[in-house]
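One chain is shown next in structure tokens, namely the form predicted on its own.
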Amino acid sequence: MGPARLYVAVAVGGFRRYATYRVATAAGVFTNTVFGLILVYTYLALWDERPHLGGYDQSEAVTYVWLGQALFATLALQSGGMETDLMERIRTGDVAVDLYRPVDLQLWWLAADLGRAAFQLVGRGVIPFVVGALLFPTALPHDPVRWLWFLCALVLAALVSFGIRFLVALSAFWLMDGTGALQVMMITGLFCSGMTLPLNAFPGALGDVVQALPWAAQLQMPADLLMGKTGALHVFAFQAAWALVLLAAGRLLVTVATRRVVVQGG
């Protein structure tokens, strides 16, 4: 089996693995729908007081909410992806076996995580999004090209998401317990991704900072692209730049961690 076919098989395996958790998926759909409804009514009240906050009207704010619910599990914005499995393998020492396999460690976990993301989008993200679109006025485009651009942005967003979580997982090589790192990632992901409030609604310098961080590539950028608030080239360039930086940092850290395993005799 060639390398490309191998990683495709790993991605398919990741998809099938999460497809077996039917009860958890149904619970996730219900949870995202309920939280979406709560957020929508909160946003509507906020936008009544502050019309055009962040450059959005009410329909755009509502659209943003349901996009967030659709992408919450897809992009593992608060963990829930490969990072916990990898950290556990590092903790137990099983990662030493992974490092001796004739495959690339980073690409293996990336393929598995992309398979997981694909299932979470289809299995958990679509239904809340459709429910929201049916219940509330939204600002969804009719242009199929914009939807195609949006799907491309989702792929890049998934790469950025993986890059962040892969780095956090690798911290387990140096930490006795990765729980703290995961908790920091969860809080940061919730705040800096724009799940609680669109990043363009943040005031002053704080808004400028959070919109320049990699978490902006996950939800804010794809949402703005879909609603026509920004151009595709700008979004793709921003996402690709952060994806390259994060993946390169992850590859470098794998090299350093591998030397650590060898030195320790693991």
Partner chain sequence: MWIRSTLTYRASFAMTLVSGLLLTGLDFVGILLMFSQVDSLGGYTLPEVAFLYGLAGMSFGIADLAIGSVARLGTRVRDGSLDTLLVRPAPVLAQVAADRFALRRLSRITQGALIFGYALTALDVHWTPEKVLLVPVTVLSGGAIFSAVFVAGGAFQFIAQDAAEVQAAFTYGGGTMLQYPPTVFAKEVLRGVTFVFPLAFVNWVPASYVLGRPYPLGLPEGAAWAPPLVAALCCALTGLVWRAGVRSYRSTGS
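This structure is a prediction, so every number in the text was calculated from the model and none was measured. Positions refer to the first chain, counted from 1.
This next part talks about the form predicted in complex with its partner chain, which is not shown.
A.B. asks: Between the options Trp174, Phe191, Trp108, Trp147, which residue brings a heavy atom to within 4.5 Å of its partner chain in the model of the complex?
C.D. replies: Spelling it out, the residue with a heavy atom inside the cut-off is Phe191.
A.B. asks: Which pick from Ala201, Leu225, Ala216, Ala70 sits with a heavy atom within 4.5 Å of its partner chain in the model of the complex?
C.D. replies: It is Ala201.
A.B. asks: At 4.5 angstroms, heavy atoms only, are Ala24, Phe35 and Arg50 all close to its partner chain in the model of the complex?
C.D. replies: All three within 4.5 Å in the model of the complex.
A.B. asks: Any idea which of 110 to 118, 93 to 101, 151 to 159, 183 to 191 reaches within 4.5 Å of its partner chain in the model of the complex, heavy atoms considered?
C.D. replies: The contacting stretch here is 183 to 191.
A.B. asks: Since only the chain is shown here, I'm wondering whether Arg165 would be in contact with its partner chain in the model of the complex (any heavy atom pair within 4.5 Å).
C.D. replies: Looking in the model of the complex, residue contacts with its partner chain do not include Arg165, since no heavy atom lies within 4.5 Å.
A.B. asks: Mark Leu46 yes when one of its heavy atoms lies within 4.5 Å of a heavy atom of its partner chain in the model of the complex, and no otherwise.
C.D. replies: Yes - in the model of the complex, heavy atoms of Leu46 and its partner chain come within 4.5 Å of each other.
A.B. asks: Considering non-hydrogen atoms and a 4.5 Å limit, does its partner chain approach Phe30 in the model of the complex?
C.D. replies: Answer yes; at least one heavy atom of Phe30 falls within 4.5 Å of its partner chain in the model of the complex.
A.B. asks: Hey, in the model of the complex, is Ala232 touching its partner chain, heavy atoms inside 4.5 Å?
C.D. replies: Outside the cut-off, so no.
A.B. asks: Just to make sure I understand: among 155 to 170, which residues lie within 4.5 Å of its partner chain in the model of the complex, judging by heavy atoms?
C.D. replies: Heavy-atom contacts to its partner chain in the model of the complex: nothing from 155 to 170.
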